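The chain that follows stands alone, in the form predicted on its own, written as structure tokens.
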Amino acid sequence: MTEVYKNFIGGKWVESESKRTFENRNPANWDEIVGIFPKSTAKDVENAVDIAKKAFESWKRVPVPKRGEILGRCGDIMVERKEELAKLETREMGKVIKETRGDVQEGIDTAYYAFGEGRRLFGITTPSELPDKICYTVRKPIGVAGLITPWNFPMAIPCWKVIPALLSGNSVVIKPASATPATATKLVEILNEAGIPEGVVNIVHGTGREVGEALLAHPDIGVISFTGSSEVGSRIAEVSGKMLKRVSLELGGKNAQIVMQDADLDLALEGVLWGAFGTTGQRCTATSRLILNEKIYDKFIEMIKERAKKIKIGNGLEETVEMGPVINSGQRDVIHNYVKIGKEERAKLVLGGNFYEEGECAKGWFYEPTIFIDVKSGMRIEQEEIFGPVLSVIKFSEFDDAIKIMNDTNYGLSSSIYTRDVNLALKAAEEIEAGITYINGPTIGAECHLPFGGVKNTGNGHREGGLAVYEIFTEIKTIYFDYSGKLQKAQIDTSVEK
């Protein structure tokens, strides 16, 4: 029997005011309905925000270490339910079970990191310029946080947002992606079981047009955190900016891997295969460009073609499958259209470029691993985010040319270089315009205790992960404590006083 899900508002599971619903289906087998969800409206958002605002008043007074203990219990429960959560995520998102286990593990790591951070959450203590005076800072929560999460990491990214927002003392209203709402709902169940008070965590399902826009427009939402496309991010910045909301945007990428002539080619091969075709290319950090030195260009292309041909495609619940489907038919059509564009631009298609519909895969939205060579800088397939298993290969002669190609996009999220030359590695780390650079590693693979985010059109300067995420969800308060017993005039020139 298909599970019917509800919104979670004020500690209760409730239907949408609209009574409308939508289906969540398995992209590997579109006949399978994973769940039925409420198609909510602005009224549901208003109800959730009103309750979250009231709950915030008591939650913000809970000592931070106590908040951390609750989030630590959340991590414990996720450990116990890891396999169940991973299988659900594979069913609703499609990526292979080994990857969804990793996705859940990232959520677990984030919860445990917050548990530890609950006994730190440091401010700054600094000397005053005046005698008998103490200066220090503390972090204060903002209020109600509106969290809008994507479909490609249905557990990790909600955890990246929800958990630090809660540790900081905010209450939250979550709008998960309509394509993957079930995993986020299970996270809310776990947070409730762990002991988060009623009203502090709320989830409202529905479309960006109705639920997302209502979150942006609501005057009692103090901070918006969004992960998704640059186009939607621009809209969020525009609407929220008029209301002076805090906004964190983690947006697109057009990430590249450079391979120098001295690189370990076998290692570089494994890196680009994982970076380009892991998660079926549906990562903001996916390797969508491969920048090859001319001296190893032909050899490396043959290596990657031979290995990519052997990638096993299928239902991600099968342990031996290496690549699952794309999220839905619309996204598969977007990918296929970019393949047509690549051909029109006269890039050379050497692998893939078609729907994959063998056997049971005919029931889902599968696409072949696809490789274009002889791609030139400025081609659309080299510049625009495709979000699928399509790799563009570009040739270069000198190191400086590779860096120029790397940086010549509107994005700047992740990057990679394979070389044995430590001087070139350090120079690349210095000159690549990206928020993340890997040396002898693929462009994908974030760790929860380090900052994650990018430059240029990849975001608006904030970083998720590590200590940096707490900059999003807290206000800094500076406190001056004067125990001199007299008026002391700071920022007054006293050098001429008698």
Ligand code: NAD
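The shown structure was predicted, so the numbers you read here are calculated from the model rather than taken from an experiment. Throughout, we count residues from 1 along the sequence that is shown.
Just so it is clear, the following notes concern the form predicted in complex with this ligand, a form of the same protein that is not shown.
Partner proximity in the predicted bound form, defined as non-hydrogen atoms within 4.5 angstroms of this ligand, places exactly one of 344-352, 170-178, 420-428, 366-374 at the interface: 170-178.
Listed residues Phe37, Phe56, Phe452, Phe473 were compared with this ligand in the predicted bound form; Phe452 is the one with a heavy atom within 4.5 Å. Checking Leu187, Ile258, Val393, Ile148 against this ligand in the predicted bound form, a heavy atom within 4.5 Å turns up for just one residue: Ile148.
Of the heavy atoms in Ile403, none are within 4.5 Å of this ligand in the predicted bound form. Taking the partner from the other structure, this ligand in the predicted bound form has a heavy atom within 4.5 Å of a heavy atom of Glu250. At the 4.5 Å threshold, heavy atoms of Lys133 stay clear of this ligand in the predicted bound form, well away from it.
Shown alone here, Lys309 lies farther than 4.5 Å from this ligand in the predicted bound form, counting heavy atoms only. By the 4.5 Å heavy atom rule, the three marked residues Thr227, Ile236 and Cys284 all count as contacting this ligand in the predicted bound form.
The partner is not shown here, but in the predicted bound form the stretch 367-394 reaches within 4.5 angstroms of this ligand through a heavy atom at Glu385, Phe387.
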